[in-house]
Structure formats: C-alpha cells, structure tokens
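Take a look at this single chain in structure tokens; it is the form predicted on its own.
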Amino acid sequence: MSAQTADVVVIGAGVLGGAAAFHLALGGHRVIVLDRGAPGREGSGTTAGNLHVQAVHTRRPGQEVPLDSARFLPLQRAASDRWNSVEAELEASVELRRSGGFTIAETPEQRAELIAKHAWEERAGIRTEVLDGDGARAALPLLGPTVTAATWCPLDGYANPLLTTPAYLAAAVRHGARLHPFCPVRAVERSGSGWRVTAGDLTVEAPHVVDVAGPWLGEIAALAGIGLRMTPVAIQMHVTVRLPETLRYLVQHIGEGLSVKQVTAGNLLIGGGWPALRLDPDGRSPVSLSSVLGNVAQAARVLPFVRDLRLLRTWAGPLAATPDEMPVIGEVPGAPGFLVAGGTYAFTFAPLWGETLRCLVEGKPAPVDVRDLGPDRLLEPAAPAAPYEEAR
C-alpha cells in the first residue's frame, strides 16, 4: 500500500476532472487525479462536444423536469468567455470552432419560446437574432420547409471532446498534478480535519476532495457518508459518413432534443439527448433503436439533405443528471473540504467549473454566483456505503 499526501484529490478524470486539476495545479496546489478506468472514456468521451451559448431546449426526450433555461444563460455566457482562452492555456488544439448556431422552431408555441429566450439572452449579454422561416432559410438554405423561425447566435460552436479532456489532463500534469487511471476509489473517510481516500493500492491524505465522477458522483459521495440524489441516465449519439463541407453551423431545436453539426473530419454528428435503451453503470449502455429512428428522422425533417446520408455508427454514453436538471457545484454542508461538481451540459461549463472549483478550494469568491446550485438541495440520508469495488 502506497501512502501519499496532496492538497486536493480529484475523483474522476473526465473533462470536469481535467479542468479542475488544471486550474488547481496551475494555482500551485498538489493535485492527485483518480479514475476508475481510462481518462475521458465515459460521458466526456461520448458527448457531442457542443458549446451551447444561446439558450438550450428545456427538455430532452424522456426528460421529466424542464431545466431553468433563463438561469443557465449567465453561466453559458461566462463559460463562453472562458472557452476563448482554452487552447492558449492548454497549449494544444482542441479543434475549437466558433461556427455560430441556429436554434429553430416549427410550431407557434416554439416560435414564442424563441422570442422569450431572445429577451433573456439580451439581458445576459448574449447577442442573438430572431429570424422568420424565410429569413432562416435565406441564411441557411439547408433548412427544411417545416422551420417557421430561428434564432442565430454567432457564439455557438463546438470542440472535439476526444482532444479536450486529454489536453486538460496533460496540462495539469505539466503543472505537477499526478494522474492515476484504472484506480477505482474504495473508501473516502474523515482523517483529522481532512480526508483519506483509498484507491487501488494507493492511500492519499488531503484536506480537499473534489468529486467530479460524473454518473458515479453519488456513489463516491456515499463512500464519504454523504447522500446525494442524482439521476444519471444514458443518452446516445449518431454519426454519418464523411461528406464535403456542407453544414457550417450548429443547428438545434428549441422544442425537441436535436443538435446537428458537421465536424472537422467531415462527418455529421446528430444528437439531442435521446435516451439509450438503459444505463449500464458497469459496462456499455446499449443503444435504443427507437431513439435512432426518432432522432435521425427528426434531423432529416429539419435538414432534408440528411436523408441521403448513410449512418455510420451509433453509441450511448452516461450523463450525470440531477433531479432538477440543473448543475450541482459546491462544498457539501457538514463535510468541510468535500466538493462536488456535475450535472447536464458539463462539457460547455467545464472551463468555468474548473476555475470555480479552484476558487472554492481556496476560499475565494467564485467567478459566477453558484450559491443556488450547491449540493444542499440534493442531500438525503446516506445509506451505508459498501466498498466501491464491492458495489461495482
């Protein structure tokens, strides 16, 4: 058994773990990052990599509780500002593209949603423009006849998630962080005024633990005797064959779960949060054929040229959702030094949450107000925790 000390133990080597480790290591903290498997393999490696800056649709298919889109906007604006410097900070390309994006509507109700969100965006300092159907097709002739309105946001875009998480982790390591993949956490317990984390044959004593374990966030918290209500799900993505540059912008739907973009390699990525057949936290979540058919048919209705494309692959990945669909970030009340961060749209928020976690560890004001996003709203009595490997 190897015993080490650190200032912060980061549990989870996805994009949030990488961003947190980078900002903490950059600030001079001794950081150890632990992951149960390969870094960036789970939700961070299966996400679409969209940068959502204009307001998002409030419900993905099957989602019971709508998210508070207006509350998201100041966070999206702050995250967008930070994405501008990510590649320079990490000294690496993450294929960041500020392509701009259209959010479309097909019904009068959805058109009203576009107008309402445009007002929220103006208040948040996000520049958007409302177009009618003809105006939208003039700007993007690929849109189909069912589109009756759209909002245009020049700040929308995407980055390659398969480059972003490794770039964050590599930069963290350059600044002194130590990364331990395939090192599942088995115990988290109080030790004096700090925490003792046991993972694999490693024991680490540290005053702070940052739980960014994605869909396993609740399980890690339970090891520390903390009950958190999380509602992880599995959603799926679809990719077509490569084609010449055709779709220059991100296209989303205000009323339904849909996002479509063409990535640097030429493939079209189709997503929107359609559910997989089920979440398998111990393996690979199986895809749902009905979601494949529904999501691709929806994309072909909004962008008719999609009908001529061959689907190359479909995959499912886990999503660390909360019961109210809002992010969770902050120190757990009654557990000094134990911080959590997660929830939906974590890829968009990663640079912001990384900086925020560093501020919270250092006891400094966060760059944005996150007091209403703390874990206190998700607390519940903790069930006796089994050792993590037994629970697996």
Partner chain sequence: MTASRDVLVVGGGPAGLSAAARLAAAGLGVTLVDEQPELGGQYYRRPSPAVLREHGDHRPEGGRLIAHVRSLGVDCLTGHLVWGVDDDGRTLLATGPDGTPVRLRARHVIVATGAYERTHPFPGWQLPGVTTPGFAQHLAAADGTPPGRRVLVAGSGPFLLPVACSLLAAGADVVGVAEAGHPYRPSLRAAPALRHPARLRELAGYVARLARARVPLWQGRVVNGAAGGDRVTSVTLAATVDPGRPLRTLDVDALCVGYGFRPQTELARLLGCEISADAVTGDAEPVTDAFGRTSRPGVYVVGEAAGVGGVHRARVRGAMAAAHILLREGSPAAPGPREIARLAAQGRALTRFTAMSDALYPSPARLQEVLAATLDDDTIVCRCEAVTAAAVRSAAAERAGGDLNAAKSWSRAGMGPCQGRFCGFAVAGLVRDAAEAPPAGGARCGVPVFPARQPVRPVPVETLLALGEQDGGDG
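Positions refer to the first chain, counted from 1. Predicted, not measured: the structure shown is a model, and the values here were computed from it.
Keep in mind that the form predicted together with the partner chain is missing from the display, and what follows is about it.
Here the chain stands by itself, but in the predicted complex one stretch of 106-114, 188-196, 130-138, 167-175, 167-175, has heavy atoms within 4.5 Å of the partner chain.
Every residue in the set F182, S288 and V306 has a non-hydrogen atom no more than 4.5 Å from the partner chain in the predicted complex. Checking R313, R123, R71, R248 against the partner chain in the predicted complex, a heavy atom within 4.5 Å turns up for just one residue: R313. Site annotation in the predicted complex: the residue of A119, L162, A92, L243 reaching within 4.5 Å of the partner chain with a heavy atom is L162.
The shortest heavy atom separation between N267 and the partner chain in the predicted complex is within 4.5 Å. Contact check for G343: every heavy atom lies farther than 4.5 Å from the partner chain in the predicted complex. In the predicted complex, at least one heavy atom of A38 sits within 4.5 Å of the partner chain.
Taking non-hydrogen atoms only, L143 never approaches the partner chain to within 4.5 angstroms in the predicted complex. In the predicted complex, D201 is the single residue of 188-216 with at least one heavy atom within 4.5 Å of the partner chain.
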